[in-house]
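A single chain, nothing else alongside it, follows as structure tokens in the form predicted alone.
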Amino acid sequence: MRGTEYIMLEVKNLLVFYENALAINDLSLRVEKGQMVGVIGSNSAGKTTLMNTISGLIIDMKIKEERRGGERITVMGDVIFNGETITHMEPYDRAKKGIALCRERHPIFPESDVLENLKIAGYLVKRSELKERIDFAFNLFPALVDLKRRRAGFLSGGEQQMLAIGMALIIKPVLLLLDEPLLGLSPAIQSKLVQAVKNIQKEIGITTVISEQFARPILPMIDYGYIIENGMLTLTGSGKELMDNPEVRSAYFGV
């Protein structure tokens, strides 16, 4: 990897506890500017916890749990973004710095239509720029154009995922976090979303971290990957290196 001036995101010795359960165990990774980095792992490997920690959503979860007397959430280690430690920064402030999280299970507003969802996502965007951002989302996902007046709750799973990614892009992030975008989708829709993510990378060169348990469609397009299991880092390498690794092929390709 190159020098520190090229590093956009660095996670150092991260530990995350839910009460007494260890969700992330001494995990470190780094993402260079302009890269697409994959975090691959099976269900409950810790991928979503990692993405929530990078985006700051874990801070909101921690506060809500404390208010209702629920489980204690403890975060240790460092999250560094463009040279600044943001480990305890609120998610709103991280969004203002250009970090956007597209969460799994389609975090949309089901009672609002597609266009309204995109406008809601642009609450941080100047009105003069919002139309351009919305047009970009529709160009990226042309299937949504004819659905712009349909309530989001009536969209298919694939259409909702397209909308969710479009919403994340409205703030024109410098770091896009995609948490299991292919979960529960048909192979045909998965292919469309993979192509859309490639187009995002090609057209605007955005730095992307994508977490997935479906390694086969992800590994060919990432620059670098991290395999995690039980919250621990087990293997790293370029997309091609991981594709060619027999252990990865056995665990994630079924061959």
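Position 1 is the first residue in the sequence shown; the rest follow in order. Everything numeric in this text was worked out from a predicted model, so none of it was measured.
Quick note: we don't show the form predicted in complex with a small molecule, though the next part is all about it.
Partner proximity in the model of the complex, defined as non-hydrogen atoms within 4.5 angstroms of the small molecule, places exactly one of 26-34, 196-204, 216-224, 40-48 at the interface: 40-48. Each of Tyr18, Met61 and Glu71 is positioned with at least one heavy atom within 4.5 Å of the small molecule in the model of the complex.
Under a 4.5 angstroms non-hydrogen atom cutoff, the small molecule in the model of the complex lacks Glu159 among its neighbouring residues. Residue contact with the small molecule in the model of the complex: Glu104 places a heavy atom within 4.5 Å of it.
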